[in-house]
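Before any questions on how it binds or moves, here is one chain, the form predicted alone, in structure tokens.
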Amino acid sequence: MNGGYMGKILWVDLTVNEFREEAIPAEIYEKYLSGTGLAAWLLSERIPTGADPLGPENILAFVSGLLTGTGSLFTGRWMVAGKSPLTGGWGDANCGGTLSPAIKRCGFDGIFFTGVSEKPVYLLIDHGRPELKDAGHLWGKDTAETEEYLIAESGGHARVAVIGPAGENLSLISGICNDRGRIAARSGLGAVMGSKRLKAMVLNGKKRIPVYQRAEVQRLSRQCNKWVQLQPPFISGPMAAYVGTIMRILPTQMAMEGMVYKILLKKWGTVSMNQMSVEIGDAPVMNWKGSNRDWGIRKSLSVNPDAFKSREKVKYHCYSCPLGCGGVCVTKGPYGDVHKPEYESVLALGGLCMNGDLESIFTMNEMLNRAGMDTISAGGTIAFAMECYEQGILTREDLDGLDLTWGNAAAMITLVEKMIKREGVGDLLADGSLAAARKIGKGAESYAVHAGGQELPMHDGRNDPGFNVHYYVEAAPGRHTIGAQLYYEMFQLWKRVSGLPRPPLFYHKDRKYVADEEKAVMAAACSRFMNVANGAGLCMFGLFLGAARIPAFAWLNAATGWRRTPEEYMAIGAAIQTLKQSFNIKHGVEPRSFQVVDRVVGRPPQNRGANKGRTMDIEKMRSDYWRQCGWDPKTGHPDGEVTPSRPSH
């Protein structure tokens, strides 16, 4: 073993209370890295066809990244993976905080759970010794209470991953938390953990993480940090909305420079984009049928970046992050000090539901974090229910007396509580909008905005078609953390990877909507690069600095002792992508089954607002992407005899 990885994983059989260590051959790390690459290799082989996602045969994998703990920056992400009960196929979720290095300090690159426990338990690994302990007294407690208790019980130094009541109640939109509310939210993997009656994982280890060239990793990190700390003065929070207005009016667009977004993140965090995204048409409004004309600058002023900055008590840094985009905020609500909500949470519980009540957003965000429920899916499901109420599909009686009109914050808070507890109409909505629509009938599916059963995040593909492509081509659909035309511009991969197209500095906005080969190359490159990132434990926000400033490939070589080229790492990313696509097909999830929601792709186009008149040929974009992956362009199957091509410049 050279460096970067621990070389083994831990298997925990919850049915028979047994533990087994498995050595992982060096060539597997060389082929798939660690993180989700390692998880994809193992789960593809070991989860049998037809396994019930909530049954004993499903495997729940907690994995760290290959670069975590090596002295590299932005490498504190941990991932959880398994067969998703929400989509029926590949599921993964990604989270920051401080858990990732704790997995490796216990001596493992991943911890894999099989079987089902007879009673609630939690896993404790204390200085290399694993044991399952009774969690009956913790079942029913929220994530913050449970984490606080378990840390205190283990001596104050442990790191904890935990589910709340949503996961215990098998909500298909539940996730897994660490650091008092940081949540690996997507794919419904909290329900998998709940189905196994596994309340938490408590890690307390001190093993040294090997690094091949520690001095070189540190040298690269010092260079990278100079770019992070560069922070010139910038505009005020309310002014950001008017910048968005100007960007919307202009017929041309400038290729996005990631350093600009870094300045926003360092000053405000992800909430920096709240109003700006509404104005440019990036943020969906009123269950995707509205626009900035419905939730414009005056209505969205309550969630402007400075509204959060004024509440921020202290900044929050994930492990190995010099940026610190998170924060702890003081609120007037029942929870006091809470995590600063992320952009996705603010817009899902705000503009998507026409809710401008900031205090209610703080409250619902904390409720959902403590329950371990995905804020994106929860907000999308509430918006779906609101439109069903507006259309007369759901009545006030159906909603347990709630007047679920657009923007009714009090009704939203009550509904969130019901969804967490699975009480009344909350039981109907706790598994997301598509599952609810199928039970409701009456045409309700027309108002469920999802990809493959997962609610879409708060980035509108009618503004950036690249988001729509990735919503519908990724093995875990409906994700905003993989690629977009905007992301490709910020990644600046063409500066390190040969053969990739360089976008022009300025271009007409209409160019974004043309389905051509170059955009397919860009989308495939995003998927490959993010598979490398998720194998290494890298944060996407760090990668936005650009490939010439954040030395992802050089870090990997220095940490491991490998001598790989950027092109070879991108090939690893392609291999991981193929593994996940093949996982879906093995489990009966056809790539074409992720049906496109007409409203989301501009069919028909909106007749007002930032995305007026915009539509796209998403079917061609998807087929072009599959071709670039070397897969059958008609089916998305990886066994197609197709050779990827490169555009001519």
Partner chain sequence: MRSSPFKGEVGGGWANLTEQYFIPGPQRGYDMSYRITETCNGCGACVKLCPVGAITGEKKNLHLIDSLLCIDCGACGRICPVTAVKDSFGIVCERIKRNAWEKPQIDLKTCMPCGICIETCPVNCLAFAEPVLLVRELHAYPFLKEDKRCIGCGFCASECPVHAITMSSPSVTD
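Nothing here was measured: the structure is a model prediction, and the numbers come from that model. Numbering follows the first chain given and starts at 1.
Beyond what is shown, the protein has a form predicted together with the partner chain; the following relates to that form.
- Only one listed stretch (489-497, 298-306, 575-583, 71-79) carries heavy atoms within 4.5 Å of the partner chain in the predicted complex, and that stretch is 71-79.
- For the options Gly561, Gly336, Pro322, Gly140, the residue carrying a heavy atom within 4.5 angstroms of the partner chain in the predicted complex is Pro322.
- Asn225 is the sole member of Ser446, Asn225, Gln391, Thr405 with a non-hydrogen atom within 4.5 Å of the partner chain in the predicted complex.
- Although the partner is absent here, Gly115 lies within 4.5 Å of the partner chain in the predicted complex, judged by heavy atoms.
- Interface membership of Pro101, defined by any non-hydrogen atom within 4.5 Å of the partner chain in the predicted complex, is confirmed.
- The partner chain in the predicted complex is not approached by Thr565, whose heavy atoms all lie more than 4.5 angstroms from it.
- The closest non-hydrogen atom of Ala571 lies beyond 4.5 Å of the partner chain in the predicted complex.
- Proximity to the partner chain in the predicted complex holds for none of Ala184, Lys512 and Arg627, with the criterion being a heavy atom within 4.5 Å.
- Along 47-61, a non-hydrogen atom within 4.5 Å of the partner chain in the predicted complex is carried by Pro48, Pro56, Glu57, Ile59, in order along the sequence.
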